[in-house]
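A lone chain, given as structure tokens: the form predicted alone.
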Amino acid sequence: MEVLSGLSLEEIENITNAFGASKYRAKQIHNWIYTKSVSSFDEMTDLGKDFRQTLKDNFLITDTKVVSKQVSSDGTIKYLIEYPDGERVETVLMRFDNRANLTACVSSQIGCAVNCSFCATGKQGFKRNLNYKEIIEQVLTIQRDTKLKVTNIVFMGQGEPLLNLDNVLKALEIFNNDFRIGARRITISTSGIIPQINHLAELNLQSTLAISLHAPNHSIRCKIMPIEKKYPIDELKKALINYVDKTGNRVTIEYILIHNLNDTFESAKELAFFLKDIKCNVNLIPYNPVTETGYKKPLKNDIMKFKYILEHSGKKVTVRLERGADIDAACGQLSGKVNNLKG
């Protein structure tokens, strides 16, 4: 049966028209799916009983299952969801004290081909892209379970979003139009796929572009990010400057701090010099432990020294709050336990 989640209002209108129902009924169905996030047709109480039965006989609201749900001590929730073909992916809801924002960290691929050495996802290899409906289904899963409205989206889950850009852009359109989430509340993160960054510059979207840089030079980046060999850091810098020039948007530089690897005084000075011509903010991310990497968390004192050097160069710098580390839901930890749960 056809799944209604992921359909636009116009597509739902085509369905209601085929069953002799009005466009108003389509708007009601659309509202139940995207605003009220219901999981059954019986919950659509402003539709007639017979029409609800017709919908049940011919359609599904979703064909995605929640395999497991883990709740962190800080309120972060991680979901392992399964698609009809049996493949599974993780998505995370992050909540922050004293903020109304509810941020969904969504995955764009099952597995990842980029294989950064500090990330659990890459250790599984790449399996397939998610289609746009499978991406938005992650947010709907969160909303159905929590009965809360997601306000922000970050494409920072499993996979490299710019290697699945068509589906990511289609999902972004639905988040804008159907979920009513503004483009500026959506962040697309990439390890640095230069041709796609240039394409995004031409599209001139208002969403935020985040770059997983994680090193101040080619040598260190090669050690931790194999993508550096294909898209070197100096060429990436040119693409970022072009992106800023074309869009006028400030980019976010993400930088994982790994003890005694890229968190040194020298690395901070080199990073500050590298970023001086780029209109950007910097988000420092203390490394979150992943088994079998051999990497260690940075010392708090080293984090603050690194932050001070970048701030002194004129950049706005934040240190990311650690969310969900106790359930392997923090940055770099997603998919660490998927294999253990599958079966």
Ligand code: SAH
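Heads up: residue numbers just count along the shown sequence, starting at 1. Quantities reported herein were computed from a predicted structural model and do not represent experimental measurements.
The same protein also exists as the form predicted together with S-adenosyl-L-homocysteine; that form is not shown, yet it is the one meant from here on.
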Review point. When S-adenosyl-L-homocysteine is placed as it is in the model of the complex, which of 139-147, 173-181, 206-214, 228-236 ends up with heavy atoms within 4.5 Å of it?
Key: 206-214
Review point. Exactly one of 93, 268, 197, 256 has a non-hydrogen atom within 4.5 Å of S-adenosyl-L-homocysteine in the model of the complex; which residue is it?
Key: 256
Practice item. Determine whether any heavy atom of residue 64 comes within 4.5 Å of a heavy atom of S-adenosyl-L-homocysteine in the model of the complex, and answer yes or no. Key: no
Practice item. Mark residue 186 yes when one of its heavy atoms lies within 4.5 Å of a heavy atom of S-adenosyl-L-homocysteine in the model of the complex, and no otherwise. Key: no
Point to revise | S-adenosyl-L-homocysteine contact at residue 285 in the model of the complex, heavy atom, 4.5 Å | key: yes
Check your understanding: Wondering, does residue 243 line up within 4.5 Å of S-adenosyl-L-homocysteine in the model of the complex on heavy atoms?
Key -> no
Practice item. Counting only non-hydrogen atoms and a 4.5 Å cut-off, give the residues of 115-129 close to S-adenosyl-L-homocysteine in the model of the complex. Key: 118, 119
